[in-house]
Structure formats: C-alpha cells, structure tokens
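Below, in structure tokens: the form predicted on its own, a single chain.
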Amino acid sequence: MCGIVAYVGPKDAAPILLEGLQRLEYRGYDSAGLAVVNSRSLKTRKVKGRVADLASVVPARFKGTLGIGHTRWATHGVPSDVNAHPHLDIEERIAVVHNGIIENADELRSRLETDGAVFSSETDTEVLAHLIGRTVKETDSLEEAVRKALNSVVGTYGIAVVDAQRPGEIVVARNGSPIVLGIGEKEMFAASDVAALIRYTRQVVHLEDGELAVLKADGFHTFTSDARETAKEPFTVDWDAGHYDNGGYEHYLLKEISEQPDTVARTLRGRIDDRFHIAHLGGLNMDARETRSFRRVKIIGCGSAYYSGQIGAQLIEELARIPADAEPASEFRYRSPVVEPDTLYVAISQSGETYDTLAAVQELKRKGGRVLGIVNTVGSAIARECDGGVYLHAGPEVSVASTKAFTSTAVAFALLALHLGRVRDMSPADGRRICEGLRRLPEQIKEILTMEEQIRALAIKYAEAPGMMFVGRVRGYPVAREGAQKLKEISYVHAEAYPASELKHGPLALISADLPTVAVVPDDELLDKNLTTLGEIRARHGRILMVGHRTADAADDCVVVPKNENELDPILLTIPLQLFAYHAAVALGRDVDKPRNLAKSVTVE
C-alpha cells in the first residue's frame, strides 16, 4: 500500500517524482504529495486526491535536483491535504515519506509534545519527522539521525528522508515495507516498487528489513540499524517500461485478462520434461529424496492468492496423493501454528511483499519450517526469505484485481503437483496426460477470450442485481470463491460463494428471483450432483448463470468453455468469471483498475 519515489541527480526532480507516482497509482491511495530541496530550502505540495490533482498544483518553477514523493493510503487520520505526505519537522528542515504503521506513535507523540513539539496532522508519520529533526541537530549527520530515530520506533516502515541543509543526499530505510534502490548514470532513485523506476533504470537493489541506505548522485552505501556496513549487489530487472503501458486497452484489467494465453505459456516455458513426463522446477532446491520425505503440504496466501492456493491444494491431493490444504496467511500467523518437520509450506504472493504472508513466512522460518514461495516479482522479500520456489514470469500486474497472476499461480501449482506426483507414485501415463493438458491451456484460454461479447452481454444483464450467489462443488468451489471475489472487489456488487453441497444447510434460504446464482459446473464425476443443485435453485425461482462444459435445461444462461483434464479444468473455468466481473463493473461505471478502499500490494496489517 502507499507509494514512495525518491530522486537525486542532475535533473529536475519534480517531473521524475510525478511520473513515478503515476506508475504507483495502482497500489491504491487517497492523497499525494512531494518535496524538493533547492538552495537549502524545502518546497512541498500535497493534496487529497489523485496524482493528477497534485500535478495541477505544482508550479512550473518548482525546481530542485533532489526530492521525495508519496501516495498515501490512510491508516492514521482521514484523507486530507494536511494528512498527506511528506511530513515536516517543526523547523521545516526535514521531510519524510513513510509506508507502514508506527505502533508506538501515540507514546512518541506525547513525549515529543511534552518537549515542545507541535503537530499539524493526525498521522503517525509526523512523529518520525520530529524525531529526526531533533536528532539531526545533535548528530550533524542525516544518516545517524535517521538511524537513531528509528531505533526508538516500533512497527513497520519504508521511509525516505531529506534534509534541506544537505541537498545532495537522501536516506531511506526498510522494516517490513519494501524499498528498492535504482542505480542510474550519475543519479540514484528509490521507490517502494520497481514500477516507479523502470523507465529510468533496470539496475536495482532491494533493501532487507532493518537496513538503511544513503543515496547520492554518484552512488549509495547501505548499513544496518546498529551501524554495521552491508554489501549489496545490484541485479537487472527483466521487465521494461512497456510492461506498464495499457497497450491501447480501456483498462489495465482487460489488458491483463487478455494477456493470459501468453502469461500461462511463460509460466510453463521450459518446465515440462517430455522424457519423464515431470515438471522441471529447479528453483525448489530439493532433491528427490527430500521431496519424498514430506507427508503434508500447507499453502498460505491472502485474497485471490489464498483461493489459488485452494486450487493448488486440490491439485496436490489429486495428483501427488499428499494431504494438502490452504489457509489465509493473515490468520495463520496469529494462531501460533504447529510447524511440523515433515510438512512442506508454500507461500503465495503476486508482489512478493504482502505483509501478512511475509510475516507468516518469517514465523515458519523461525520455527524451522521448509517454505517454498510462488511469487511474480524477482528479488521480492518473500522470494528472498523462502528456501526455494517458483517464479510466475507473468509480467507486472497493474490492476488491483488479480487475474493473470491468479491463473499463472494455479498453473504453477499444477506443475508443482505434477513434480511431487511423479517423484512419488504417479504413473508415467498420468504424467503424460497432465503434461499434454498443460500444453493445451494457452490455446484454450484464447478460445474463451473470443467469447467476450457473449459474456459482456450476460454481465450487463445481471449487473443490476442487488447481490449474487456463487456455488461450486469440490474443484468448482475455489473457482466460485475467486469469481465472487472478483465481482465484489471491482463492481461492489455483494457476492458470496458457498460449496454447492452446503446450500441446503442454510444458504438456500437466500435464494429468490432477486438473487441470481452463478454455478460452476465442470463436466466431471460430480456433474449429476451439480445438476441436481441447479434444480433445487430453480425450484425456488432462482435465476442461474452456469459456467461449465455443456448447457443445462435448469440454467437460464450458460457459458460453455473448452474441456481439459478434470484436474486442470478449474484454471479454464476462472477466465469467464474474470470477464463477467470486469464487464459488470464497467456497466456500473466503477473505477475498474483502482477499486475503492483497496490496494494492490498490501504491505501493512
């Protein structure tokens, strides 16, 4: 959540900061601001609203070759001009932008007010500005002032700090909220996401938790919160600025839905071994003997990542015959989980920075658990924390609602299940069957995308419903959950998902002509039972939109998708529900890429 951009170099900082903030808009925010240093003075502008609103109040002569910018997602204090970042100390010498939450902010604020500090905002971040402003006078060193101030802070932070009296340096720090350095030609950048840097450099360095950096135009150095120097090696980001363009689509979300034939192909590329009919996943860092030693798989993720984990758990149980289940990472980390030595843990996060998932991974590592990561962002915190894993290679996902990353994650789980199964007891014939099914996926997704106009018409037909029920059985249930998630988060239509077998145990009371049901009905061994469920809904005057592999008399409308192997069908059944949610949201006039109250990368609790 929130976005940070920082620049020091020979160029005018303000245009670079504004462009970087625009590239971070997808993360979710309610206000924006920036500060530049010029002639040993600070100039700031900040507004409640969008980056475009900020740009409109930045004057042409807003000069300075060093600066910081921010997009804020409110945690302390309502969205307002005053609560927007950057925040200044009482002398307006220090400016700070901050992602995260300072848990002892009230205690620090009281202490500072007792010593004469006057606060202008309701934020926890302003505490940092006052702390650093007081300490810099004692130390005459910005990096020492930041380091000492942070040693009295409890909580999470990614920060960038400038001092009007030191117009050639920026100090950044990380603890639980990402900070990435960008290395340019006699210029340096920092941001909370590589998206803000990619137009200017592809050479980046990720800070670790508890690490700080001083940026100057000619380079940087890093150190820990206890003043120990650290050595960092930059690496090259595979993505370029073109990956962050909308490609002529009306919304990033539609672009990302449409990219799925290619993104699934990239997730599969080089990972199917035709000789042994196994998935080649070198990043797992496990030999066959170690792989066979696991007796259970536990998957953790948040939101759509959790639902993809449910698909993954079913794939692992079906193909590898290993007990597997998925759980929200946000719950897992708080319930003092029993960590078993013969359990393989898998953490899922598109960004690789989801705070709840990262904290769960750290708890697992502390207790000796073996953790794999399935992430989309190379070099991200979760990728670095895990013992091994699978990169999705889906390319950057800009829209808040996950589509291509969700699908690629499900494909990655199919590869993992195939790998585990073939190392264990899956026959070569079954291995060949799954390999062939995986290879068919990109073309079958293309076929589904040609049905967009049909799905759009159905979305318009159902968009005015006050709510919708989604149901699915076994393989169809996680698909129903993800479909409901997509609809509610971008269209704001209330949607709930239930196992089809649970309808008669309570939710059937909700069925009426006013509450349509989306039924996920694969053509598998449970088809007859699913058709019986449709009959129960129809008998109570419920309208039914069925997504499956054939039509059914009990359904009012049907979307028929191509058939793959039973185990892989959930991947394909998800695609029509993405298009349905998208077109329903467009029909209702929603801000599709930036739905209210949500953020792409959730880096706070």
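These numbers come from a predicted model, not from an experiment. Quick note: we count residues from 1 along the sequence shown, nothing fancier.
The same protein has a further form, the form predicted together with ligand AGP, not shown here; the description that follows concerns it.
S.K.: Partner absent here, but in the model of the complex, which of 424-432, 483-491, 111-119, 201-209 has residues with a heavy atom within 4.5 Å of ligand AGP?
M.R.: Of the options, only 483-491 has residues within 4.5 Å of the partner.
S.K.: Quick check on this chain: which one of Thr517, Thr354, Ser380, Thr267 has a heavy atom within 4.5 Å of ligand AGP in the model of the complex?
M.R.: By the 4.5 Å heavy-atom cutoff, the listed residue in contact is Thr354.
S.K.: I need to confirm a contact call. Of Val172, Val479, Leu416, Ala401, which residue comes within 4.5 Å of ligand AGP in the model of the complex, counting heavy atoms only?
M.R.: It is Ala401.
S.K.: Whether Ser304 contacts ligand AGP in the model of the complex should be assessed with a 4.5 Å heavy atom distance threshold; does it?
M.R.: Because a heavy atom of Ser304 falls inside 4.5 Å of ligand AGP in the model of the complex, the answer is yes.
S.K.: Is Asn99 one of the residues lying within 4.5 Å of ligand AGP in the model of the complex, judged by heavy atom distances?
M.R.: Because no heavy atom of Asn99 falls inside 4.5 Å of ligand AGP in the model of the complex, the answer is no.
S.K.: Does at least one non-hydrogen atom of Gln350 fall within 4.5 angstroms of ligand AGP in the model of the complex?
M.R.: Flag for Gln350 set to yes.
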